Every structure is written in structure tokens, then in C-alpha cells.
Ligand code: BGC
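Okay, so here's just one chain, in C-alpha cells, the form predicted alone.
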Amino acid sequence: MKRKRTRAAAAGILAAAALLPLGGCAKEEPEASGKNYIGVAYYNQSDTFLNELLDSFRSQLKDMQGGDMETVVMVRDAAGSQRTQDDQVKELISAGCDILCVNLVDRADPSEIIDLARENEVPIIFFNREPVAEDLMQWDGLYYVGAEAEQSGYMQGELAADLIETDSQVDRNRDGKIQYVVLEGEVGHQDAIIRTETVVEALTDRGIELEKLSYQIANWNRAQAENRMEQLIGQYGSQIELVLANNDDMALGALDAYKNMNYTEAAYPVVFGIDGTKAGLEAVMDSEIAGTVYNDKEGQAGAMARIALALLRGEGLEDVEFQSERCVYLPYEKVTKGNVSEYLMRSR
């Protein structure tokens, strides 16, 4: 891979780079050697799904690389700050990374990162948070791996509709409508907006009559969801029949709220999540969450590893199954009590 900077030159800046304050993850700094370095920059280390995806990425990368090469993965946590992430990407490039994997804090603001990478000829694999199409077209060294948000929201709605149609107990007040609340991921976040819109669309497409009580922003976070749900319970009490959460962590936070407020399980509403994290799947197995939508972290991690290794080797990109130009989208899958054991096995 052509680079504007030699490994020896990169090694000369490592002492200074090691002194830079970086959020979150422990650091491994490159040295002048035959190793290959992959820098990973992600929006927040508190995100359960991303942590599980990155664990799978490291594992699959190690299995795929074989004995002909050695890679080191360096992870940086932006703690929700795009400015911090921009600085971290600059540091990773200066420290000699050959490839970047970037989970953007702000999907609409990748310009500085793209400019830095293009100037230094360091390809970027964006993952989980898709830049807008115009930004991905800025340079042929940009890739994306993720899933379609519309599919996840619609599948969550179909899961909820299936249960409502077969279990009359969901409509506890017998008024022919389902009173629901939404726990939304993030203000202005495309996936959160789309999941919230499409889950309702799927339910109404099935003829389910709904009454929206409220929604709360919980930033994909379990503790925030617990707090927001306690507020909703205080306001609406037993009126809440259905909780639609944009991810599993927030679904679990909703359950935490009911547990902390000493509600009996019989008084819980029906709760659905998205992502299929290990904790979410276990909650489905235990019948605490009615269902979730599996976001194929193993498939996404494998695609990221294959693209990274192909770029490092200078061959093999033709074997990657791109759904559109330089983009890989893995399908979501519905998870219920009936099939959850299959997904728990996959997540181990």
C-alpha cells in the first residue's frame, strides 16, 4: 500500500503521540516493524452493541490473517465528541495506521476525517453509522459496513404485531387500542428516527390501532432509559401496554425501571428491543423482553476484517460482496423466544 510516510518516520512521532490525552480504551502504540496497524475510532465505549462488534472484529481478524501477516488493532473512544474523534483520527494516522475503521459520532460531519485520510492515503472503513452518500463518494478509499435501519424498525413492528394479534392480554384495558411509548436513541440520529417511524408503520400496516402516549430520548443508554422510563411510569402508570425501544440497552433500561419501582412481572408492559446483544438475547430467553431484531455484528465484523485485510494485501476486494459501490449491508433477523437459542450460540 502506497503511503506518504515511511514506518520509520511514523515511529519518530510516537513519543509525542503517547503523551496525547485519549478517552476510554487502553492504547497500543505502533513501532517501526513489519506489523500492520488498524486504527478503530468509535463514538462511545458505553455502547454494548459496538463493544460486542469490535470483540468479534478482533477475533475474526486474527483468524483470517493467517501466518503471513500480523496486525495490531488500536481503539479510540470519542466519548460522544466529534471534535475528539477528529483529533484521534489525526493521531492514529500520524502514529502509522495503515487502515482506519470509523464509527462516526456525527454521520453528517465526516469531512475532516475524510480529508485527513485522503491526504495520507489511509483507507477508511466506516461502520454502523453510515455517512451520507455524497461523502462516501468523495474518494475511492472509503467503504461502509452496516445494516438498513428501515428493516430493523419494520421487523420490530412485525414482531409486536404478531404478539398483539395472538395474545389478547397485551391490550390490558380492552379498549381495542394499544397504548405505547417509545425510547428513542439519539436526537437527530438517522437510525433512531427511521426505527421510530418504521416500527409504527409496520404496526399500522397490520391494522393495529395505536395510541402514542409519549416518547423519550435515552441516547442508546440503559441507565438513561431507566430514568426516562421511571418518568413515564410516574406519568402514565398502568396505561402503558407496549414499550418500543430503539435498541436492547434501552429495552433493558425500561425493565430496570419497573423492577426498581417494585412492579410485579404481571404488571409489566410488552417490551421490544433491537440489536440482539448478549444481554438482550438473554432477556428474550428469560421472557423479560418479548423479542428483538438481530443486528448481525458477526457478519459486519467479518466484512470489516475481509476489507481491511484485502486492502493491506493489495488483493481480494473482488471477493467481498458489496451490495452497492464499496458498501456492505447485512440483513437484520427477527428473534423471539422460539429461536433465541440459535442467536445466543452465534454470539458466544
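Every value quoted in this text rests on a predicted model; they were computed, and no experiment measured them. Note that residue numbering begins at 1 and tracks the sequence as displayed.
What comes next is about the form predicted in complex with beta-D-glucopyranose (BGC), which does not appear here.
Look at 200 to 208, 75 to 83, 131 to 139, 183 to 191: in the predicted bound form, residues with non-hydrogen atoms within 4.5 angstroms of beta-D-glucopyranose (BGC) sit in 183 to 191. Interface residue among 41, 50, 301, 307 relative to beta-D-glucopyranose (BGC) in the predicted bound form, by the heavy atom within 4.5 Å criterion: 50. A residue is said to contact a partner when one of its heavy atoms sits within 4.5 Å of a partner heavy atom; residue 36 fails this definition for beta-D-glucopyranose (BGC) in the predicted bound form, lying far away.
Among heavy atoms of residue 156, none comes within 4.5 Å of beta-D-glucopyranose (BGC) in the predicted bound form.
For the partner-free chain shown, nothing in 61 to 98 comes within 4.5 angstroms of beta-D-glucopyranose (BGC) in the predicted bound form, judged by any non-hydrogen atom.
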